[in-house]
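The chain below stands alone and is given in structure tokens; this is the form predicted alone.
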């Protein structure tokens, strides 16, 4: 008999085009189901508008000038509808279902139950959560924090959805308590970018704005799937194509989101008469001019190949092909970089990248023809062992031709969660810059902890080893997002207390410490009357734009509190005998938080005035002005050596991917429309030759195993799906395949889990 997790699976053909009428239909269906026509329309008209609701899904930038009435994508509509659901999870629900019964349900089922309405407590040895008063909840957290042998035995985690105001208070509380243990979701996704860019150009963020992407000659998209992970990006790609840009997509799978796009927004059409037939007939704008099906983990080799081809041509060209003026005046390390590229041999480059010489040469042609180019990347680049080196090779390519700090050119790491970048700007980091430390101590009159804290992987290992005993999370679904699921579950169970500030039920609330708290908070869609007045918060986009977000719906429950209120009340409960400032004033007026931010965070001066400007303001971006705040004041060419990933007999190299009907760990439906999958997520996409070599066929059920440092990990019951993916490579969805990702397999220097390159074996299931 088929396992229930795969019994409903239907395999169809992958789509070649993204968005269009199907996006409209799906967004409308989900919004009507969750929020209803009136509330749903009200929400969508406010989404990503100036002074409206900042979308709680991806961090893609909003237009600076006029905005259309539909500044959202299908996935943004799903995310906002999911939060606005009429369904409720209250004390009766928790009385009905035990924790073990809830744990047996799927992630999709848990999320679909609705919004949590009351604070809940799981006592040691109890089978069910019970309701608890807010004051008692804070007293319990304080009790556990006070019982620690050191403040460093507490872990304070944050997800990317947290507002700037809440994030600033949260890091202030943790450091006032005495620890820098502030791991966040960035540690698991774009930390490799932050490390690489900080070293190379002095700023770990994008160097472009939206108009640069839309007004360029060439866009390289590498290790990123815009159609599913940042759908609003496709509108910008479409405008770039209309302005004459070429697009190169480098990715193991041919994704619909970079192949072609039907824009479903009528206001994006110059001639509205063309809109109905364009959308209904699916008349698409082709996007990628070239698609290179790179071998998983081959990014560094590919980039070095392109650079090597350019440098080889430079030697024989009568005219300079690279920007020597920029290199000589703005960079350092060029000669060592060139020497390093010359030692890279073509045989290794081609084998590691899985590409043919002509494919790499064609990309070099494109870069040499382009006067301006932009490179976009995401976790397909950042979650590999050599991720930092790969990102720095992207920088090298741009430095070579002076493609940073001019209109239509620059670097664009595409952040995957709405305010993950703002959280880091506000101090959510296990480290502190000297200027941030100095300003924080001056503004709040206390000595900050000197020792660096735990990043996410270190925090998991500390909890597992009993070196950390309290886990407190604001947002997120830590267990499902983290690598090595069973190991991480064991780490959480070792804690004395686990507590989460969340809006909906998730897996982490069911794999708990000896005691557990669920603290439900307001969502971004909801009116925040904290302190007796209507408040707003702010966020930062992937392109450094900071703007306000203000809810418009009545809260799902009178018991809900804002993240700001929860953090401030926790600080009051814990720091009452040693606090040096009045936390209550922050609760009553968020402007006072922003005044504090202005004193501490460089670039946030006069925050309260600037955040109220139409569309907000931009954080400083020195590289955009060709100023590089590195230790030397120059942008730095990096030298890296390719480390080939060698597979053993019968091994495949697995990457984890996201389905179109999910956002991060939140699963809306068991479908992936763009890849032709319906009814189940437990699939493994494999090359047809690899399927045949193992005596398998489409639809066979297999179990997966990985081995790292002598430890074997397994994930059972996956269905084989033939797919256009390079030989010896395969793809699975996360979080289903996260049990295969070793906790100790991390990117060099960034400690980012290597979720995009895991060696696995596939065997026919015996179940």
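Bear in mind the structure is a predicted one, so any value in this text is a computation, not a measurement. Positions refer to the first chain, counted from 1.
The following text describes the form predicted in complex with a small molecule, which does not appear among the structures shown.
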query: Interface residue in the model of the complex among 102, 360, 601, 481, criterion: non-hydrogen atom within 4.5 angstroms of the small molecule; finding: 481
query: In the model of the complex, the one of 528, 393, 299, 540 near the small molecule [non-hydrogen atom within 4.5 angstroms]; finding: 299
query: Distance check, residue 741 to the small molecule in the model of the complex, heavy atom within 4.5 Å; finding: yes
query: Residue 228, heavy atom within 4.5 angstroms of the small molecule in the model of the complex; finding: yes
query: The small molecule contact at residue 563 in the model of the complex, heavy atom, 4.5 Å; finding: yes
query: is_contact(residue 170, the small molecule) in the model of the complex, heavy atom dist at most 4.5 Å; finding: no
query: Which of 502 to 510, 528 to 536, 444 to 452, 585 to 593 sits within 4.5 Å of the small molecule in the model of the complex, heavy atom basis; finding: 502 to 510
